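One chain comes next, on its own, written as structure tokens: the form predicted alone.
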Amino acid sequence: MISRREIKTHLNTPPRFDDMFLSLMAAPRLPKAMVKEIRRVVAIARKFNHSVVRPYALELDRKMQENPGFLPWDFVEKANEWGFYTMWIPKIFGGKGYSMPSLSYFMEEIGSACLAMANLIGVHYLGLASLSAAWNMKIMKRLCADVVDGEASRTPCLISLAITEPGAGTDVEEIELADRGNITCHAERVAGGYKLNGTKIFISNGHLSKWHIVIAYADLKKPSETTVSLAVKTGTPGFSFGRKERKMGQKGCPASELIFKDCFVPDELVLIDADQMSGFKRPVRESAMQMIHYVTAGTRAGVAAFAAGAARGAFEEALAFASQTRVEDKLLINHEWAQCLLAEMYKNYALSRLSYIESNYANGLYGSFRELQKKPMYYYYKLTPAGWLRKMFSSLMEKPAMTRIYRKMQMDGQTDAEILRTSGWGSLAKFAATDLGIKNCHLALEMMGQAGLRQDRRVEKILRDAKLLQIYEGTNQLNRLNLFNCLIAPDYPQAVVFDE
């Protein structure tokens, strides 16, 4: 027999039970209505794929190849018409209030037909995630209202995240590396706000977005301790767009250069800075790290969903080819070697989607979804009319006290172990799924031979698009180090992570 004390002791030795059995613990707590909601989201995505994405994917890719300056406003307007830019905005801010885990399933579906178009929708929610990480309720209300108004007026309002710099890409994804990066985006405190100078690059949806969540630093010698998050509107004096990158893949989603020259950002658009991070249980530097982990734990799972879509898309194209192509007087799908190859591809797809689902469970239990996935809160938001919610909470969101309360709940409500668990699983999902997505593209090309290199067969495009998934949201090398840092190193004090 084993005592309760012994059970607790043994389950807390590595690998910890709570780190490894997330789905087992999460499943009983999930609202049953969420399954129905996800079914609806997947059905909407498949209808959109059938009528919009798949017929346009190759044409958009060709347009961008012939004219790199082209901006896909036609697709953005269509996605706006379908309501996709407000579907995952909470009802209290005027959105439709779909649960955040359902966004991953949606992104997989769109990504299976075209990763560029998936990104044209998904990156908007990366911006929203970065906006919400500061828990500045007044600014959240303002920007979300612009998005909702943009849907109603048929003038799309997108939000981007501007974090990557010319000399610092991976560095700014981890607070431990920030002080070593060549960081130049400076937010100088002046009367009434900040004066912003610097350049951001590879900003997905940059040229298409109305608002940009800009991460800058008050002291370039100590960026990890002086992080500033600002909301900057397109058209603000001192802010301009530079070049659009010529990319190998995901051509339809522009990667933009954002240039700031003495760009004044008033206090009313300062999401959070070092002064606002004081007063929590963690020092400023650790609070900044928590904010980064808060965002990336969810967004890296989103990239994994893109990758599951790529893995699935490559599998489906190879399967269609095998079911139509004859080799030695019988269909390719009836050759055992081809069946084994297709089984391997299906396995890769299944594992990639299981990885992001498990990461979503982590966020539902311990991370950014945890409050909204508790059954009482989920059903309250789901069943209460949106108009009543807005009427009840709208004026409250304007009050500084609401920002302080929400920040206290979120920033002091997560334990260090929960931060590491959610961040570690976000990284695991990201690099596992993206590597599997690339693997499936290679296997599809191996099966299809020369036919797979033709653009009309789609696989070569999926491979070009999928390669980028291994790079953004932190390179896969960085994510491997972060997994080690979060899920392995805590039990080995002698391990030094992100060492010079």
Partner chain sequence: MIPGQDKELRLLDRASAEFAKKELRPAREENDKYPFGPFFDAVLEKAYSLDFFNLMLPEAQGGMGRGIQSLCVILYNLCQEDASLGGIIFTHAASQQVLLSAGAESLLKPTAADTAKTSLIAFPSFNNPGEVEPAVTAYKNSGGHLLSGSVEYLVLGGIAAKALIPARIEGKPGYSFFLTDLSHPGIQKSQPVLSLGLHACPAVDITLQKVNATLVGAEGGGDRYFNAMADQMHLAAAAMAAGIMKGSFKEAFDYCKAREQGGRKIINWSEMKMILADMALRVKCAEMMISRACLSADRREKGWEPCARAANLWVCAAACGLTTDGIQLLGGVGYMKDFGQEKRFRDAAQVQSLLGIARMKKIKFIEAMMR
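Numbering follows the first chain given and starts at 1. No experiment lies behind these values; they were computed from the predicted model shown.
What comes next is about the form predicted in complex with the partner chain, which does not appear here.
S.K.: What is the one choice in 320, 152, 71, 327 with a heavy atom within 4.5 Å of the partner chain in the model of the complex?
M.R.: Looking at 320, 152, 71, 327 one by one, just 327 meets the 4.5 Å heavy-atom criterion.
S.K.: Tell me, which of 146, 225, 245, 316 has a heavy atom within 4.5 angstroms of the partner chain in the model of the complex?
M.R.: Of the candidates 146, 225, 245, 316, 245 is the one lying within 4.5 Å of the partner chain in the model of the complex.
S.K.: Taking the partner chain as it sits in the model of the complex, is residue 467 in contact with it (heavy atom to heavy atom, 4.5 Å or less)?
M.R.: Although the partner chain is absent here, residue 467 would touch it in the model of the complex, with heavy atoms inside 4.5 Å.
S.K.: Determine whether any heavy atom of residue 202 comes within 4.5 Å of a heavy atom of the partner chain in the model of the complex, and answer yes or no.
M.R.: Result yes; residue 202 sits at the interface with the partner chain in the model of the complex.
S.K.: Could you confirm whether residue 102 comes within 4.5 Å of the partner chain in the model of the complex, counting heavy atoms only?
M.R.: Outside the cut-off, so no.
S.K.: Give a yes or no for residue 413: in the model of the complex, does one of its heavy atoms lie within 4.5 Å of a heavy atom belonging to the partner chain?
M.R.: Contact check for residue 413: no, nothing within 4.5 Å of the partner chain in the model of the complex.
S.K.: Does the partner chain, in the model of the complex, lie within 4.5 angstroms of each residue among 15, 18 and 276, using heavy atoms as the measure?
M.R.: Result no, not one residue of the spot touches the partner chain.
S.K.: In the model of the complex, which of the stretches 368 to 376, 245 to 253, 76 to 84, 279 to 287 has residues with heavy atoms within 4.5 Å of the partner chain?
M.R.: Residues of 245 to 253 come within 4.5 Å of the partner.
S.K.: Note that the partner chain is not shown here; using its position in the model of the complex, name the residues of 472 to 489 with a heavy atom within 4.5 Å of it, in sequence order.
M.R.: Residues within 4.5 Å: 475, 476, 477.
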